[in-house]
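To begin, one chain is listed below as structure tokens, in the form predicted alone.
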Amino acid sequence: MTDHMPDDLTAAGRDLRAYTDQLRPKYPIVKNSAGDWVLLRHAEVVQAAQNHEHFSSNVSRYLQIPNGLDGEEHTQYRAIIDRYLSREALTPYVTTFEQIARHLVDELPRGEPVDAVHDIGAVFAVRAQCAWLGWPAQLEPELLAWMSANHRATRSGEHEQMAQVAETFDAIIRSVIAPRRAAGDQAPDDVTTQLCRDRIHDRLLSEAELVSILRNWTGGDLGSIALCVGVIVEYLVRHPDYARRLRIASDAEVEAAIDEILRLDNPFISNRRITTCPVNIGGQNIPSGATVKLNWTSANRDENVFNHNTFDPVAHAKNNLVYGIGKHVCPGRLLATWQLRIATRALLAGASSLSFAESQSLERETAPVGGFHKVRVILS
């Protein structure tokens, strides 16, 4: 059963969680005004995400490693990337992330409004990612400015503006990798240098491949971490008893709680696929070459899977799609999980209480972005 709905990339001012909650029971698959097929239910989103042959991830004209690759090509690049994002590879950076989070929370004013998205989430994301990748701290203002510009471009939906912002970020990446490649053995021993020395098909990764990988690691993750921090803080302010419980919870309990908070309010709305042949999914026939959107936000709020969206981190963990599912599950899941847990712990430890600012404390994001644009809180 299908129906036409406004393009979910231009539904300005609409809370897409509430909108898809309304649509999903009656229209599990909808065709929007742009001609895209949007999957809203958990079952169909999982089915498409796991069917890599019929639903191709090669959807962009730009090189996107690894999320825009299919088949063996994806497997080969993913093997390189996974080495940098394994538990063993990331563990040495935990102490650094914790120091960054504590220092940031200590810097925040007490008794005055701060924005959890921009003042906490964005700054922590930039500092943590720079520390992990070995990028100079002097890049922080430039990266924060780029995040704001990227955010504006994404919200505008203007492809030319988004392309210009993307090129600006690629230039930042090239400014980091160029001196490392030129320095050879004298380059600093950090993750970015190690990646510059990595090989595929018996050759060094090209500049274009390096830019694509680092763009995926940073360009997307910086904004995602910031938005996630906003969602987490908003939930904890509304549930002070649960925030007090998390102060003494284990790392595993905190991580499970964060996953469940993000399931209920997932800032990362959707991914695209292209059908490689005619498919029937959810009783709907979709032609070959059609654009299909996997709406993670809607699937993660499917009332038939998540017991009418009660809060239950343990029971809902196995079906949680915050980081996707299938071969293209987010390679940075562990990194993001640890960074969000560390940031949350630092905030809870550094403030005896969190409350909303008195006026204009919350502003929700508009499509194609989820979560909150602004979460103004007071730390005491």
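In this text, residue numbers run from 1 along the sequence as written. No experiment lies behind these values; they were computed from the predicted model shown.
The discussion below concerns the form predicted together with a small molecule, not included here.
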query: Partner-proximal stretch of 72-80, 139-147, 303-311, 235-243 relative to the small molecule in the predicted bound form, 4.5 angstroms, heavy atom; finding: 72-80
query: Partner contact for Leu340 in the predicted bound form: the small molecule, 4.5 angstroms, heavy atom; finding: yes
query: Contact flag, Arg273 vs the small molecule in the predicted bound form, heavy atom cut 4.5 Å; finding: yes
query: In the predicted bound form, Leu85 touching the small molecule (heavy atom, 4.5 Å); finding: yes
query: Touches the small molecule in the predicted bound form: Val329 (any heavy atom, 4.5 Å); finding: yes
query: Heavy atom within 4.5 Å of the small molecule in the predicted bound form - residue from Asn216, Thr193, Thr154, Gln284; finding: Asn216
query: Candidate from Ala116, Ile261, Ile225, Ala128 lying within 4.5 Å of the small molecule in the predicted bound form - any heavy atom; finding: Ile225
query: Complete contact of Pro66, Phe268 and Gly324 with the small molecule in the predicted bound form (any heavy atom, 4.5 Å); finding: yes
